[in-house]
Every structure is written in structure tokens, then in C-alpha cells.
Ligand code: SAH
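Quick setup: one chain, the form predicted on its own, written in C-alpha cells, and binding and motion questions come after.
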Amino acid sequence: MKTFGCQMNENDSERIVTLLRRQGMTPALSEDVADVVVFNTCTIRENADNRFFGQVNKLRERRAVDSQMRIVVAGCLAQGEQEAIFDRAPHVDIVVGTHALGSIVELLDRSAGEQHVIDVSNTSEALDPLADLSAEPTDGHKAWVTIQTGCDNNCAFCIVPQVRGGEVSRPFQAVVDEVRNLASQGVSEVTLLGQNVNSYGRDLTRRLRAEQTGPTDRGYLTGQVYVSGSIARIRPLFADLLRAVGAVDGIRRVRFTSPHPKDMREETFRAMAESPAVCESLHFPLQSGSDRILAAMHRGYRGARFFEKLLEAREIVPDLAVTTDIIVGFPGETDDDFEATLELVARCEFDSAFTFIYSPRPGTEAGGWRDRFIAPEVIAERFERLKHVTERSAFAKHRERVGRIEEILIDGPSKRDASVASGRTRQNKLVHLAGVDGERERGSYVQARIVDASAHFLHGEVLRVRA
């Protein structure tokens, strides 16, 4: 199982693995000995496409001599460019889109008699599009929980609405039940996933108001808090869901990603502050600090409004860590636009930033603005300047934590040094702990004093281990 892209894809991969395990399959040590190789693809940026084709084409020779082997391509690239996949990698057997993952076993059976098998059907209109795709936890103590598929926004740079479809929220109680089931299996941290996670439930309340629910219990669909109030108002249910998930016995940490600033409401910040399990961590994608570029992107907010909401979040949620996304070189970005981004990023003092060079995607509005594309050397210079600003604020935020005692959930040994354990604070800060057996303590909560800081991680010393 090879996964490219976002946390949503990671969760989809877990669901695929669960389906294949139920058929009696077991994970192979490498693609060299696997009977089935699954690529779960991303198409957000061109680099992800190129990485996928580079890896899948390495299997061309083996597939040519092994008639029993099957190569499956799933995910966003599969949904949007299935014919291109067979053109560039004709040895691929199966292409399955984002809405048809539940058919993967059937497609494997069909591939025994067909050369190229495709299923990119859209089944997202089901009451619970993930009802038959529950994933078994693979990490033991942490799990992704998809609460919503698709996106209704119209960002000029983004291909997600085309490959994931419109927003479809899972029933409120179905999400809570899944979290409760995960907790019973030892999971103590869940991350709620959605393309626009904080608009979760708006479509459910619209459906309830239109009385399109049939025999389905209203509380199951939208939660008891909503049903017990006025059901006439169409509104998101995300704050309600945060509180309900945070109240599940055994769940100690709740995270979520990724929200849209235009839909962020005070009630979400209040739920974060008032629910002890919800972590003091917020991913808040800015994308640009220029009002002109934000308008061209169709983001639905101005820089000043973004900053106001950021201040509101920090005022309501104590000790909040905020990360962001920023695109460099969006078509038409001038020097003045970029300077506005640098200025706003400096004012925001983010804890961390994911910075991306604009990647044109076929089928998006901005992908057709080739006459406005920015020269690569200009983008490279801007990217380095932005990196300096973001790392400066990240380092300052981390230095402030030196000397503090933090609760850290250990994820396992450090990838670079097995004698060092790595884990995360409630603010999602990566902490390295020397002298701790990361494998043995995986899933444990420890109290540690932060002793050193860099822009990207912290060092700590363990004071005591808690269950």
C-alpha cells in the first residue's frame, strides 16, 4: 500500500487495507513480493503525479512476467485522469476513484478476466458514504476519522471539488459511534478529517429541514443538541461534534483538519476551549496575504478578516498553536502582493507554515491563466524569503516553550535515531526524548520538561510516564 498526499488519503488507505485484510490478505514486506500493489494517489500538485508515475513504472517489468500480480491505482488522480493512467502506465490493472473504494475487492475479481478495469462512479450521495468502509486502527493509539467528503468551495487553484465531489457529511451519530469503537480498541487520539471540516453538517441540517431523511432518526443524522433546538436554521454542526467526540470515554485528544477561514465561527473556538480533550492546535490556511490574490483565488476573506479571526482564536483558546498553508507564485502575484504576504505572515507569528510553490492543475480556473504564470527564478527567490520569515516565528514560538512541562504522547522511536523517542504535545509540537525506549513506550503519555528548541522540533527530558 503506497499512499501519496493528504491525511484524507491516509485514512482512505487504512480503509482499503481493512477491506483487503477481511479477504484474507496480509501486508507484504515490499512491492517485489506483493500479489497486489495499491497506489493511493494525489493530484493536488504536479510533483505528486510525477512521483506516482515514477514508482508505478518501476513495476512494469515484474508485471510483464507475473500474470497473477495486480496493480491498483486509487485516489484523486484515478478519479480525474483514469485514461491518462492507462496511457502512461498500461501495465496497471485497476483504476478505482475516490467514491468507489468499497468496490476494490469486486474489481480485483473482475481483473482476472479483463485487461483494464475502471470504477470511478460517484456514490457520495449515500446517507453515510463511508458506512461500509470503516477502518481498523493501524497505529494502535491514534486514528483518522473522516467526517465529511468533498468540497463546495471554488478556490481557483484547487482540483479537489472535481475529484472528490461536493460536500457530503456523515451522520452525526455515525461519527461518534466510530470514535467510540476506536476508543474501545485502545485509541486515545483521533483527528477529524474533512476537506472543509468546519462546515461539517450544514448539508445535514439542510436535508433535515427539507425533510429528506425518510425513516432515519433525526438525532442520528444531526445530533441531539441540534434536534432539541430549532431545526429550522441551516447551520454547521462542527462545534457540536467536537464536544460530542471529546466526551467519548477513553478519548484524551481530539484534533481536526482542515478548516476554511471563511467558515470559522466563534462557537468552534468556544468548543475547543471548553472541551478538555480538544487540543490547543489549529491549522488555519492563509494561502496569501494579498487581498487582490485572495480575491483571485476565491478564498472568501481579506487579510484583515483572517487576522481578526486569528486573534479571536488566540483570545478564546489559551496556549493555542497555529499553523498555516501559503502558496508562493500564484498566477499574477506581483512583488507588492508578495510583500503583503510577508507582512501578514510576520504579524500572524505562526507556529509553523507549510509553504508551497504554485502548481497548475488541469481543470482548475487558475490552471488556464498561463499568461500570468510567474517565472521560476522569481518564485524561488520569494520562497526562500518566506521560509526565513516563517522559520523565524516558529523558532521564537519554540524557544518560549523551553523550561515548560508538557504532556507528550509517544508515537515511537525517532526516524533518525532509534535510541530517541518522538512524540507530540497537545499543540502538535514534535518532541524528541533521549534515553526513552520509543517502541516500548509507544502510545504512552509522559510528562517532560522542554530543554532545547529549534524551528521544527523540541528536545525534552522525561519526568514521569503516565498510562
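In case it trips you up, residue 1 is the first one in the sequence shown, and so on. Bear in mind the structure is a predicted one, so any value in this text is a computation, not a measurement.
Not on display, but discussed next: the form predicted together with this ligand.
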item: Candidate stretches 333 to 341, 374 to 382, 85 to 93, 355 to 363, one within 4.5 Å of this ligand in the predicted complex by heavy atom; value: 355 to 363
item: Of S199, T222, Q195, S290, the one that lies within 4.5 Å of this ligand in the predicted complex (heavy atoms); value: Q195
item: In the predicted complex, the residue from R299, R252, R255, K397 that sits within 4.5 Å of this ligand by heavy atoms; value: R299
item: This ligand contact at L409 in the predicted complex, heavy atom, 4.5 Å; value: no
item: Exercise: R424 in contact with this ligand in the predicted complex, heavy atom 4.5 Å; value: no
item: 4.5 Å heavy atom contact, M264 and this ligand in the predicted complex; value: no
item: P285, heavy atom within 4.5 angstroms of this ligand in the predicted complex; value: yes
item: Contacts with this ligand in the predicted complex, stretch 43 to 72 (heavy atom within 4.5 Å); value: I44, R45
